[in-house]
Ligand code: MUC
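Consider the single chain below, provided in structure tokens and representing the form predicted on its own.
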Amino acid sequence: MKIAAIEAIPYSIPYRHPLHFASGSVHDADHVLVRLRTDDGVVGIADTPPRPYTYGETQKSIVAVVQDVFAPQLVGVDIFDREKIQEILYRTIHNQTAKGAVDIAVWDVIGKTLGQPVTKLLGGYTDSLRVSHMLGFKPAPELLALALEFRETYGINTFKLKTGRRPLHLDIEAARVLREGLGEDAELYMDANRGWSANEAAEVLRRTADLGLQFLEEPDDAREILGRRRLVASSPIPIAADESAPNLGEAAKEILNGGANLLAVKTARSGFTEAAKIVGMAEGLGIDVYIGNQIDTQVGTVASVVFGAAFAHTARRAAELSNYLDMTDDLLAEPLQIIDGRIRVPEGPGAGTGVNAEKLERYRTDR
């Protein structure tokens, strides 16, 4: 069974509530749907989120690299030759989310061909994941009201607080208000998106030491090597690498260089194949991981659920899976549900990424 065609379809769906954070903001899901078809008609699907301020990719660049670079090299390759496919993709540098989407689409085809859920082919550890919700920049009382609403409505009790603002007391106050309002049972952690210096991050950690925070993600630019290493060594909680660990090599470098002692794994930028290698490396080194969010649509989120539920190592921590709730609409054919703070893995063969064809036609921007 060989790859016959790969297409990249740009589309746009507005967000009901834009998400603001230290490295940018998202008002619309200007994403790319990757659709891969085999010579016997099986179709695999994946979603691609452009993040120019994180990976340098735009909607137009993803469409171009998939259709003009990857597709001509991949057409005619057997879908079960996964390492050959990986080799072809990685001849082109960067373009992380474009590569990730092609890989997920390949896995979707493999699952459908074998009549098996992809989560079982990857590992089949559990049938659901706990959900963590991401809170963007807002005044502290609004953040607490939103968190309480999500706990009441969906049973979510783990929250990522976007930080990295100046003056520092804005984020310190937000963390304190959330802890006091949500109680000791709530799991809270921060993500500065490289917004502070290492010294500023150290000051925030000092002033929030009594709040029981789980970890701090990307406190500063990882290129601030000595400051970052000093911060990791002195921090009372783990320091997580996210943007600084987009692939296996960079993740290994951050851990071995002392730039982090926790890793975010995002299928949107590494697909399933490379993400599995990152998880295996982390487990072997005794490093915890968690499933991160690229402000994904439901199509992207279901891929994270499928992958995160496949491994014991990724299922231990709550996964960032709920920000699609801020969108005005979505493409996923079988919408996700959050019940008692968890999302179940979809049943049936493939990766569960099937789309509503009518909605795709409505929102695509290449007509």
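Keep in mind it's a predicted model, so treat the numbers as computed, not measured. Numbering starts at 1 and runs along the sequence shown.
There is another form of the same protein, the form predicted together with the ligand; it is not shown, and what comes next is about it.
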| query | finding |
| --- | --- |
| Proximity of Asp171 to the ligand in the model of the complex, heavy atoms at 4.5 Å | no |
| Heavy atom of Asn261 within 4.5 Å of the ligand in the model of the complex | no |
| Residue contact check: Ile295 to the ligand in the model of the complex, 4.5 Å heavy atom | yes |
| Residue contact check: Ala282 to the ligand in the model of the complex, 4.5 Å heavy atom | no |
| Heavy atom contact within 4.5 Å of the ligand in the model of the complex, the stretch among 201 to 209, 270 to 278, 163 to 171, 286 to 294 | 286 to 294 |
| Contact residue in the model of the complex, chosen from His133, Lys99, Lys266, Arg228 - any heavy atom within 4.5 Å of the ligand | Lys266 |
| Contact assignment for the ligand in the model of the complex, among Arg51, Arg342, Arg317, Arg37, heavy atom within 4.5 Å | Arg51 |
| Sequence-ordered residues of 173 to 194 touching the ligand in the model of the complex, heavy atom within 4.5 Å | Asp191, Asn193 |
